[in-house]
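Starting off, we have a lone chain in the form predicted on its own, written out as structure tokens.
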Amino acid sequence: MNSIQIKALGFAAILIIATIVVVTKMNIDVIHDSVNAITIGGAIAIATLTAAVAFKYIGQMKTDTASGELSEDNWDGIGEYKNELPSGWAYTFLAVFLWSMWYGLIGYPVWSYSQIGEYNEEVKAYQKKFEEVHKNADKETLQQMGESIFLVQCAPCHGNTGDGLSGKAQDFTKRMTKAQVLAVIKNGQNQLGYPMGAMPPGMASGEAAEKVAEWIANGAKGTPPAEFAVCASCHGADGKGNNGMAPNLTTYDLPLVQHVLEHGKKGIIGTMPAFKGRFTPVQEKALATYIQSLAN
């Protein structure tokens, strides 16, 4: 044996001894716990294979000579032999493949315990408890809760006061500006997934669009202009969304907030990602309550 082989055998022996010492000192159960048994067995197998490869192939590389039929193709004078795949490599590949199938489906199946799974279950349990405790929360509690959510999740784009950072994102201190309404009338809207479906572009133009945009931008107060009749079929005569069938044009009500959280929305500084599943129903209600307070 040469020095490299001796070192490889020594290294493998140290790994095996260290593994056994760790198992003994830490009282790791490798008899009844299959995961521990597989882990320790894998460590010993790696050490053994390291020694075997070093012992066999390092020496073989020094003594073996290439032989066989060369292929016709070559690169800069370097050709390849048409030799069969080495049996040791092929059997090892097959063994690793079979072991991976066994490990994934039987030895440690994908539906068994995992820390991520445990964490998700704990989150679900906490959320259920949270919903039960706050299901009848009053407006003040909801507003405080919504403010904490807003400052963490929404403020980076919309600003701490909800002003939209000087037009870079939606300004929550008002429902919509005249320019925003005109843009929606001109281009249509189909981002939020309301039951009434997409709003087609060009629903109004010219002076009619100006009147509708002016009325909505001023809070949809008073008698709507006659031109709003074409909008009322979806948004309702009062512009409040026809009981959740279309967006509420007067305020940030709960259905509007829920639709934006679920679908996201394209804005000036980029597309707001969807937050579907990130908040509980109570948290969504709290966020809507706080955003309404900003507009008021």
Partner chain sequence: MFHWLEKNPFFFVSGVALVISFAGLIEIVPNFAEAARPIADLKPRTVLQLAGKEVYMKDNCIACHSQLIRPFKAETDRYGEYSLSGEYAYDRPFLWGSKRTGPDLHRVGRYRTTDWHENHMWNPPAIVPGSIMPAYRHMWKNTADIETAYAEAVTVKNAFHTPYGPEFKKGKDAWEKHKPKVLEDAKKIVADMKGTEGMSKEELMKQIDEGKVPEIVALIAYLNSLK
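Positions refer to the first chain, counted from 1. If you superpose the two forms and keep the largest set of C-alpha atoms that fall within 1.5 Å, you have the rigid core. In this text, all values refer to a predicted model and were calculated from it rather than measured experimentally.
Note that the form predicted together with its partner chain isn't included here; everything after this is about it.
Peer 1: In the predicted complex, does residue 134 have a heavy atom within 4.5 Å of its partner chain?
Peer 2: Flag for residue 134 set to no.
Peer 1: Though only this chain appears here, would residue 274 touch its partner chain in the predicted complex if you measure heavy atom gaps against 4.5 Å?
Peer 2: Residue 274: contacts its partner chain in the predicted complex.
Peer 1: Mark residue 68 yes when one of its heavy atoms lies within 4.5 Å of a heavy atom of its partner chain in the predicted complex, and no otherwise.
Peer 2: No, residue 68 is distant from the partner.
Peer 1: Even though the partner isn't displayed, in the predicted complex is residue 108 close enough to its partner chain, meaning a heavy atom within 4.5 Å?
Peer 2: Judged by the heavy-atom cut-off of 4.5 Å, residue 108 is in contact with its partner chain in the predicted complex.
Peer 1: Just one of 203 to 211, 161 to 169, 186 to 194, 220 to 228 has heavy atoms within 4.5 Å of its partner chain in the predicted complex; which?
Peer 2: Every other range fails; the passing one is 161 to 169.
Peer 1: Using a 4.5 Å heavy atom cut-off, which residue among 98, 123, 179, 90 comes into contact with its partner chain in the predicted complex?
Peer 2: Among 98, 123, 179, 90, a heavy atom within 4.5 Å of its partner chain in the predicted complex occurs only for 123.
Peer 1: Note that its partner chain is not shown here; using its position in the predicted complex, name the residues of 134 to 152 with a heavy atom within 4.5 Å of it, in sequence order.
Peer 2: Going through 134 to 152 in order - heavy atoms within 4.5 Å of its partner chain in the predicted complex - there is one hit, 152.
Peer 1: With both forms fit on the core, is the shift of the CA atom of residue 117 between this form and the one not shown 2 Å or larger?
Peer 2: Where the cores coincide, residue 117 still shows a C-alpha shift between this form and the one not shown that is 2 Å or more.
Peer 1: Answer yes if the CA of residue 83 moves 2 Å or more between this form and the one not shown after aligning the rigid core, and no otherwise.
Peer 2: Comparing forms between this form and the one not shown, the residue 83 CA shifts at least 2 Å.
Peer 1: Is the C-alpha displacement of residue 104 equal to or greater than 2 Å between this form and the one not shown once the rigid core has been superposed?
Peer 2: Where the cores coincide, residue 104 still shows a C-alpha shift between this form and the one not shown that is 2 Å or more.
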